Structures are given as structure tokens and as C-alpha cells.
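One chain comes next, on its own, written out as C-alpha cells in the form predicted on its own.
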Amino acid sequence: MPRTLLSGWILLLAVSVAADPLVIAHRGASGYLPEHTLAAYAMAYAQGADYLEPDLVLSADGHPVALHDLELDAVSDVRAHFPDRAREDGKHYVVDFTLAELRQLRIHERIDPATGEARYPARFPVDLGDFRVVTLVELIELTQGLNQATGRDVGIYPELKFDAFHAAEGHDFAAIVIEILERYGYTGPDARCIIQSFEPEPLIRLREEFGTELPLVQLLGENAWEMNHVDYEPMYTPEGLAAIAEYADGIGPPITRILTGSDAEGRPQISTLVADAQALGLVVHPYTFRADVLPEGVTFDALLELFFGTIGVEGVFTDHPDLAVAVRERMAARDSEP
């Protein structure tokens, strides 16, 4: 995008903020602390996030743990502890380790396993801290404990990662997670818990087989990612969105499927995806808003104002919840001025 883009947005930003858009702490306050650690979740809570978002995968003994990948190599020192436990592809898979074994690992800022270089060099140093794996239960108890202590009502937004993979490993992921959620009181449409997945099947099962009334969000990806062997292209059409609306309450698309570029004058080009989804009663929670990864010539504040205001999404996934909260509050204060 050209550097004229920011100036081209000015006329589009003088609008009201969408009604109470959610700030969803993406892997916790992951712009400041290693993702999916208790420290990152506690910081996100303190920064005013509405929901704390854990990606979930399963240990060998069936414990949902907060990690983004199937493998441990990019976010832990697993190679130092278990050098002989990699699979044939050279990677250490979470599902091959018990929770007790995972507890031995130090979790650190994301790196490129091939080079050891930090994915985001300006973030928390890779070699500092003694962070550990977090279970879904631990995140729930942290959230509920802080809710009691502060009087707030922060929710959780768990993602079931790689459901088909876990099924092939002998685990019923949906059954495991819904049992834990119900045990901790997350039942009914008004519970402060939203479940998300890139795969339709676990969401359909949760709705139809388990009868959950919790809000469900279908994440939308790109076929080129080859992450779940799902054909995402049809999901972006009005017909595909209508099919999603049969079992889910919302969608979580990438930012680039909404903000698709700019015209010759630098004005943002916005797709019809949000309007199409909202016309079907689906909420839209795009990902991922990072203050240190932005379109050229665009500020974080301007990007959030565009999505909260002009586009009108109902929530955003962000690595920097404090900054998103500040934008939302500033827009709301501006709206209330006489």
C-alpha cells in the first residue's frame, strides 16, 4: 500500500465507533510477553481486554494446553530437554508429551526453529524469563479469580486447533473441551465464552451433538496455508456465509479479506465480507491487529478506527489489547461530546 494511504483514510474516519466492539487478547498480551503464558494473559486482563484467547492443542494424556502450533520447537526449549523425541520430520509434537513432560519446558518468545531468530525481534527477549505451559483449566481459574477480585466480567475465547489431527491421534477434542467448560459454568448463550475453530466439523458437533448454546465462531483462512485441509474459498461467498450461519454465530476472517488494498488516491478498498456476514446475523471478529506489523504508511490507531468505525466490526483479535482499548475509549468519548 502506498504511503498516501493514511491521508486517503481521513474522510473515512469521522464516524462513530461500532457498538461496544470487543477487544480480544490474541494469545494474551502477546505483543509484550511470550504468547500463551499466564503472564501474558494476566497482562491482557489488566490492560482491559474483554476476552482472553487461548489456542488449544492436546497433550498425550488429553489435557488442553494453550499453544498455537502442533509442534513445540518454535516456542520452547524442547530440543534441549527431549532431543530424541522428534518425529521423522524433525519436529516435536505436543501430543507426544504428557502434561508432566510439558511442564519441564521453558516457554519463550516465538522463533524460527531453523535459525533461532525471533519472529518479532523488538518484543520480549527470547532468552529471558521462566515461563511455563498453561492449561485451559489454569487459564479459566486465572480469569474467574480475577473476575471475582476486580468485579469485571472478562471472558475466554478458546480455539480448538487441528481437530482432525487430534482425532487421528485418538482424542475427542470437542468432548474434552466442552466438559471442562461446562464444569466451570460456561453454558448458555450469555456465558462469557466463545468457541472458535478453523475447521467446521468441531463447531457443528458442538452445536448438534453436544447441544451447546455457547457462541461459536468459524475462523476463515487461506487455502494456501494448508493448515487444516479446508477449502476456505467458498466460505467467503454469500452462499458459504449462509451455510456457516446454520451452525455458528460469527466469523473470524483475516484483515486482508476485508481491507483489500487502496485506490489511486490512497483510499482504502473494503470488501463486502463484513456487510454480507452481518446481513445474515453473523458477528465479525477479524484477526490479527499488531502495532508492530502494519500496512505501509498506516498507524495502529488509524487501522482500528477504520475497523471499529467505518467498517463496523463487532470485535478484533489483537496482540496489543491496551492500544485497542485506548482507541475504542477515545472514539466513544468523541461520540459522546455535544
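Residue positions are given as counts along the sequence shown, with the first one as 1. Note that the structure is a prediction, hence the values are computed from the model and not measured.
One more form of this protein should be noted, the form predicted in complex with a small molecule, which is absent from this view; the next part is about it.
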property	result
Contact residue in the predicted complex, from Tyr32, Tyr287, Tyr45, Phe300 (heavy atom within 4.5 Å of the small molecule)	Tyr287
Position in contact with the small molecule when the complex is considered in the predicted complex, options Thr212, Gln196, Ser76, Thr143, heavy atoms within 4.5 Å	Gln196
Distance check, His63 to the small molecule in the predicted complex, heavy atom within 4.5 Å	no
Residue contact check: His166 to the small molecule in the predicted complex, 4.5 Å heavy atom	no
Proximity of Asp55 to the small molecule in the predicted complex, heavy atoms at 4.5 Å	yes
Exercise: Asp96 in contact with the small molecule in the predicted complex, heavy atom 4.5 Å	no
Candidate site Phe124, Asp292 and His320: all three near the small molecule in the predicted complex by heavy atom within 4.5 Å	no
Which of 23-31, 37-45, 269-277, 304-312 sits within 4.5 Å of the small molecule in the predicted complex, heavy atom basis	23-31
